[in-house]
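Shown here is one chain on its own, the form predicted alone, set out as structure tokens.
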């Protein structure tokens, strides 16, 4: 696997280490703009090739090497640059183009430009904080970015929540399964879910938010 990572900051660090974990023999090229970071990158990632390019020369590098690139990850500290390089890579038919967001509010802009694969690290941070602090009823297990959905885990803490979740499943018919306290898996029907179970349900963001609002409202 031949990968290009644009950027030398902390976002790029995680991208490079993940690519190395996926394919330990793959070729990784890191493109950075400053000589100071280039030297640091060479020491940090001896298995990767660190190349210094000016901001305006990156597109030219992509064009010259596009037949050799399987994956391009734009992970600079600037969403404007990430969008610029991702759009250029899509136009040049790089098989997999990934952009990392610095500001989650910019996600719709990338979507409008047909950037299919976006990484929003702040969504991950939010879900992990919720999981650790345990103040919310649903934790994000996996995100389907292209359809704004995901797999969510809901703890059935009492009979009222049980009724809400059962009604949600019966109405929307989403893929789901539940695990009991003793780790048994129940998948046959919503009627088999019990208080104390954790339900894993796949649905759209708006649907899980609607369910949580109904749970907060109280009542039957």
Partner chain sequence: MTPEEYSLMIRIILAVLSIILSIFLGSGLRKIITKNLSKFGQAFASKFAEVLRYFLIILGAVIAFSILSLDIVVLTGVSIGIFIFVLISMRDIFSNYAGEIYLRVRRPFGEGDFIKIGKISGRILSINSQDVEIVSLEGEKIIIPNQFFLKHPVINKSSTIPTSIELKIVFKGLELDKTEETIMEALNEIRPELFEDPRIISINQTDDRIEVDLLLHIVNQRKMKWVVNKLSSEFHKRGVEIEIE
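For clarity, a rigid core is taken as the largest C-alpha set superposing within 1.5 Å between two forms. Numbering follows the first chain given and starts at 1. Quantities reported herein were computed from a predicted structural model and do not represent experimental measurements.
Just so you know, the form predicted together with its partner chain exists too; it's not on screen, but the next bit is about it.
Does its partner chain come within 4.5 Å of any heavy atom of residue 92 in the model of the complex?
Yes.
query = Looking at the partner-bound form in the model of the complex, is residue 2 within 4.5 Å of its partner chain by any heavy atom?
reply = The answer is yes: residue 2 has a heavy atom within 4.5 Å of its partner chain.
Exercise. Would residue 23 show up as a contact with its partner chain in the model of the complex if we use heavy atoms at 4.5 Å?
Worked result: Flag for residue 23 set to yes.
Would you please decide whether residue 69 lies within 4.5 angstroms of its partner chain in the model of the complex, comparing each non-hydrogen atom pair?
Residue-level check for residue 69: yes, a contact with its partner chain.
Exercise for the section: Heavy atom within 4.5 Å of its partner chain in the model of the complex: which of 124, 114, 78, 103 fits that? Just give me the one. Expected result: The residue from 124, 114, 78, 103 that makes the contact is 114.
Point to revise | Contact assignment for its partner chain in the model of the complex, among 155, 186, 37, 27, heavy atom within 4.5 Å | key: Contact with its partner chain in the model of the complex is made by 27 alone.
* Asked: Among 189 to 197, 61 to 69, 40 to 48, 164 to 172, which stretch sits within 4.5 Å of its partner chain in the model of the complex, heavy atoms only?
  -> Stretch with heavy atoms near the partner: 61 to 69.
For this session: Could you check whether the CA atom of residue 206 moves 2 Å or more between the shown form and the other one, using the rigid core for the fit?
Result: Yes; residue 206 is a residue whose C-alpha shifts (by 2 Å or more) between the shown form and the other one when the cores are overlaid.
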